[in-house]
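The chain below stands alone, shown as structure tokens; this is the form predicted on its own.
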């Protein structure tokens, strides 16, 4: 349902390269994209959601060029920009998007109550804590009949109790999901998910999220590697079953790069 072909995105007067010739195909699957802060993870999802301009390459969603899509309710995202379009409190925002999707809001209200977020309903999104805002955007994107869901760092600033419940919602959802994160602890629970790494706007993979415990990162190019990544930090390679540093042992991608560099 998602095709990205040689997508490049540049920002600002300096024309800084944020996405670098990204090609990615997602069909009847869920994938996780893992990378350090500032690697282009969020920009990739914003490009798919039509929130940033693509300088070259093309994106297709549900077989249609992104530039030609209008009123497509099968795609949803937890990006807060989507839900700040109108000056509404949380309850009214939920009601609006429920009506747009043709869904009964009782389902998401039940999820909000289960997550102990009922006290957010009378507040504007910008008035919520970082964790509350993230959870509300997560829940709006996940409920209903969306066929493709974009999740940007869904576990960021989320406490452990909610994190466990959220993991179940995400992994049991029937939609295709593209989720980015810089954390590794969640990957082992994503059985059947594809796994990609993103560094400096370049995407490397495909691997399997469930095999992350068997993946290692090495400085330089090692024999029998399964991927080589050329970056401003240096050249790194990914190996399976043995290597310099176990990827799953690191807390997140930022600390992993610091350790191997």
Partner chain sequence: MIEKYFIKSMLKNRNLWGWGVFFMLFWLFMGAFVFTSAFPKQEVYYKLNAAIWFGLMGLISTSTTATSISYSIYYGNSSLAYAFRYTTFKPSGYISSFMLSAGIIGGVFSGIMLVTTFFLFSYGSGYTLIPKFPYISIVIGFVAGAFMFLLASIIIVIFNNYLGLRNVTFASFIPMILTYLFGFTQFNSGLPAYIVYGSPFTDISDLLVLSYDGHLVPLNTNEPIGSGNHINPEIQVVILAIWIIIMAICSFLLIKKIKPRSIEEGRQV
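Numbering follows the first chain given and starts at 1. A quick note: this is a predicted structure, and the numbers were derived from the prediction, not measured.
Note that the form predicted in complex with the partner chain isn't included here; everything after this is about it.
- Exactly one listed residue, out of 199, 32, 217, 48, brings a non-hydrogen atom to within 4.5 Å of the partner chain in the predicted complex: 48.
- Screening 224, 67, 235, 55 for any heavy atom within 4.5 Å of the partner chain in the predicted complex leaves a single hit, 67.
- The partner chain in the predicted complex comes within 4.5 Å of a heavy atom belonging to residue 92.
- Taking the partner from elsewhere, residue 76 is found to have a heavy atom lying within 4.5 Å of the partner chain in the predicted complex.
- In the predicted complex, the partner chain sits within 4.5 Å of a heavy atom of residue 71.
- Using a 4.5 angstroms limit between non-hydrogen atoms, residue 163 is distant from the partner chain in the predicted complex.
- The stretch in contact with the partner chain in the predicted complex, judged by heavy atoms within 4.5 Å, is 76 to 84, chosen from 107 to 115, 76 to 84, 153 to 161, 176 to 184.
- For a residue to qualify, one of its non-hydrogen atoms must sit within 4.5 Å of the partner chain in the predicted complex; all three of 88, 96 and 100 qualify.
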